[in-house]
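One chain comes next, on its own, written as structure tokens: the form predicted alone.
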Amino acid sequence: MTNSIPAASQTSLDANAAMARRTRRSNAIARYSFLVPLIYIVLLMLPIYWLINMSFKTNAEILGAFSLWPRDPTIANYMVIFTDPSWYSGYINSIIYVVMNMVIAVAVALPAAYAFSRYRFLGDKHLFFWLLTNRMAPPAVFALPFFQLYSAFGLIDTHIAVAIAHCLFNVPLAVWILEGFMSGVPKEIDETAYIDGYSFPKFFVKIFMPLIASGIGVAAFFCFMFSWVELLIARTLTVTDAKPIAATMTRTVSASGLDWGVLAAAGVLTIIPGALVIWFVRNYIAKGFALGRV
């Protein structure tokens, strides 16, 4: 009996020491855990900072000595974009066909997503999965067919041509996202609305759409994002009148070489619309990445 007490005490001391070591280790990890997201944010923001830095420099300073900030800041690069029609028209063209695509894609995806969410029909699951395979295909696969088709109908170098072409991969994505949000709405709401005498269009617009307003915003954001950054199809289907800013940025070669400052300023201005859209739907982006299932 006398020997068992010291043994038990030693075991308790060892357990307390092990717990103390684990606590110190956990505190050390928690103390330095902020370094991982901090390093990630720095690496993420470094290219953006360098782009902004270059946009306020002249070509001579960019190609000259290394500097972390502009030694002689200038806004001449931005003035070129705001005063040259070949530059600012690219932003106008991009915004026009991106907004058109966003409206068309969401308008088409809403009834399609409702059908997948509320009804069961032959091959519905296979068709639902097949929709997303259009997003998996590279745009280069569809560039030539679109070019020949739109040439036959005289739609080359028009905004609607690019907007409709981008629906090929934006509509399936919007259907997937909206179906997830719609599945989270109980079907009893539909039945209650019908009992109260609501017609389907009135129920869909006045009751159902407000319930999935966040999903519509997320779907519109993703349509905007993919249409805004897409270059190959937009460049293939446009020449001058509807040429997007992304295509204009690939043609900044002058007699003295690349105009680095103007190109950097154009890049900064290209980021702003996407950042504004992200700001407005920032609270719902996680649901969008999970296709509305969180």
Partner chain sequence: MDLSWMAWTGPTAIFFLVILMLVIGMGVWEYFVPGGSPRVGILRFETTRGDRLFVSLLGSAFIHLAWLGLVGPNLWWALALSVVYAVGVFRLV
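Computed from a predicted model, the values in this text were never measured in an experiment. Residue numbers count along the first chain shown, from 1.
In what follows, reference is made to the form predicted in complex with its partner chain, a form of this protein that is not presented.
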Ala213, Met79, Ile92, Ala152 - the one with a heavy atom within 4.5 Å of its partner chain in the model of the complex: Ala152
Using a 4.5 Å heavy atom cut-off, which residue among Thr192, Ser199, Thr83, Gln148 comes into contact with its partner chain in the model of the complex? Gln148
With heavy atoms only and a cut-off of 4.5 Å, decide whether His126 touches its partner chain in the model of the complex. yes
